[in-house]
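Let's start with one chain on its own, the form predicted on its own, as structure tokens.
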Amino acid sequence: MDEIKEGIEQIECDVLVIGGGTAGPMAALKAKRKNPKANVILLDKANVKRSGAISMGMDGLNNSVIPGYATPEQYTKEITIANDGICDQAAVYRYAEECYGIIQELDSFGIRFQKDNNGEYDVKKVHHIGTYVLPMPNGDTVKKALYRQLRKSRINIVNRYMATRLLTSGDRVAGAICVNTRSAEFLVVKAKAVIMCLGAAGRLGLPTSGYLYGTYENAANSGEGYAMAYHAGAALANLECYQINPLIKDYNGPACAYVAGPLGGYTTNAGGDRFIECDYWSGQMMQEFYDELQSGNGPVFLKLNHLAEETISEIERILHIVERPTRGHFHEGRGTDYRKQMIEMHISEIGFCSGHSASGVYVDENARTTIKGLYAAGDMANVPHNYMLGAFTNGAIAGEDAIDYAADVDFAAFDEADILAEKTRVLAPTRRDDGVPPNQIEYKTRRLVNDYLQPPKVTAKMELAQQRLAEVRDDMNNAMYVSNAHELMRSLEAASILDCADMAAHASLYRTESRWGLYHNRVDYERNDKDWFCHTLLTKGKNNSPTSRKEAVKPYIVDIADDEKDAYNHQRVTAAE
């Protein structure tokens, strides 16, 4: 196994980008292209060539705002309504304006998007307002194409280093402390600006299978971006707005209504009856899904067996090749044939992810956080319903703004004692002769999340969660033991997961209402727009525990009519229909 070595090195750069999945590479590319003389570093705990949620590709773009099919105004309205109105529209609108240019740029990279006979993008409809879904026939090559651009632009790539804490100086970011995931040697990166692109907190809840890495989200995304932002003092928004998704039961991968829906597939109950009008994900759609699942009409299924052979073959070609190529093997092993049976669905474990909900580090339309020089983009930034194209687009926005910021400032000084303290914290499990391995700390944390934090949310359960999680933290701080560098990485991930669990419990208790359908369904409170039509911002308090406050929703750019505001609350197909 990987031997633990002593050692520390220090380097510096203009812009440090942490996370080599989707948003990170685009941020680094845009920063470097805007200022070719700048030193831009892209750092990842794995290898950028194959890291992130798009490592195996993606089947399409879920939210393409393409002229002729949708407008920025339509898209902004759709996302605002889907997110119960809790939305700073400036960031959503800017994404909607700029994502078409990103699509064209990705096209130029060699990533092919489906086009019709006239050579126009062949966009499909899933959402209520507008048409946004753009299939990718060679979606399995997206990461390869992106990596080629990084090499062409001569981006400085640092692989196998895991960022553990941000360095700060007053209200400014100063860099990051990192540890090698193969040797445990330390790297201090001084940076004028830092862009965090570390993805969702995908290992927060525990899948029903019990497998630690059998998650809906990319299992490598364990929430360290959320944890680092928290410990640096940045504000995180709406962490009570969980990510919960429909999935294929026991496979724990997405059922992919975005692929099947435009081709005629839909969600049904056990009787084969459609019970929701639109399969576009929202908290309210998930509430309808949950209600049907728990009723006498469950289980819930994805219905494809009414489709023509050529249509089913096309769905299989897409779903069994990109993103999760094991999907076809799973169906084969279970004896499920799309032509003959419906596919049983279930509900995913909870997580933090703005890509599918709204929980993330608080940012403005320039991807700036509440700390000067610190940016966030992709699934860990709180621009709601971002998906892959949002990660690309907001990563680009962050890269271009950060390189301008870095040009106007010098390096910020930081306290060397912070490095020593972090090194002591990280290596503490290696100083013990025996103890509790990281996988047991992680399993217990995530089991408690399922037991006490999984919606519907109950106040007494969440208060118990805080007590039990405190006990786990005591075990982690005083008894966690690792014997090699790989386990050390797992111990750091376990610490981030526990931080996220603490934040999830605190944020959920703070917002004393129900909001976002199933995402924040507190059974002992009703929705309360009078007191809670606001963001909740969570920060690290003086006692090193989470503290929260309200933040007003900024004035809308696109008006929402009164009869449109609750459109997502009326999705159920009634018997009369």
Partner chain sequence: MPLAQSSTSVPVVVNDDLCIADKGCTVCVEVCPLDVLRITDMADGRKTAHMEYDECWYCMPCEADCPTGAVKVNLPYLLK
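All values derive from a computational prediction rather than experimental measurement. Numbering follows the first chain given and starts at 1.
What comes next is about the form predicted together with its partner chain, which does not appear here.
Enquirer: Please determine, with the chain shown alone, which of 53-61, 542-550, 506-514, 526-534 has non-hydrogen atoms within 4.5 Å of its partner chain in the model of the complex.
Expert: This holds for exactly one stretch, 53-61.
Enquirer: Taking its partner chain in the model of the complex, would Gly170, His231 and Arg473 all count as contacting it (heavy atom within 4.5 Å)?
Expert: Judged in the model of the complex, none of Gly170, His231 and Arg473 sits within 4.5 Å of its partner chain.
Enquirer: Could you tell me which one of Phe414, Phe301, Phe330, Tyr290 places a heavy atom within 4.5 Å of its partner chain in the model of the complex?
Expert: After the contact test, the surviving option is Phe330.
Enquirer: So its partner chain isn't shown here. In the model of the complex, which residue out of Ile347, Met136, Ile371, Ala219 has a non-hydrogen atom within 4.5 Å of it?
Expert: Selected option: Ala219.
Enquirer: Within 4.5 Å, heavy atoms only: does Met489 come near its partner chain in the model of the complex?
Expert: Yes, contact at 4.5 Å.
Enquirer: When the contact criterion is heavy atoms within 4.5 Å, does Gly435 count as touching its partner chain in the model of the complex?
Expert: Yes, contact at 4.5 Å.
Enquirer: May I ask you to state whether Ala38 is within 4.5 Å of its partner chain in the model of the complex, using heavy atom distances?
Expert: Flag for Ala38 set to no.
Enquirer: With a cut-off of 4.5 Å between heavy atoms, is Asn83 one of the residues that contacts its partner chain in the model of the complex?
Expert: Asn83 lies outside the contact set for its partner chain.
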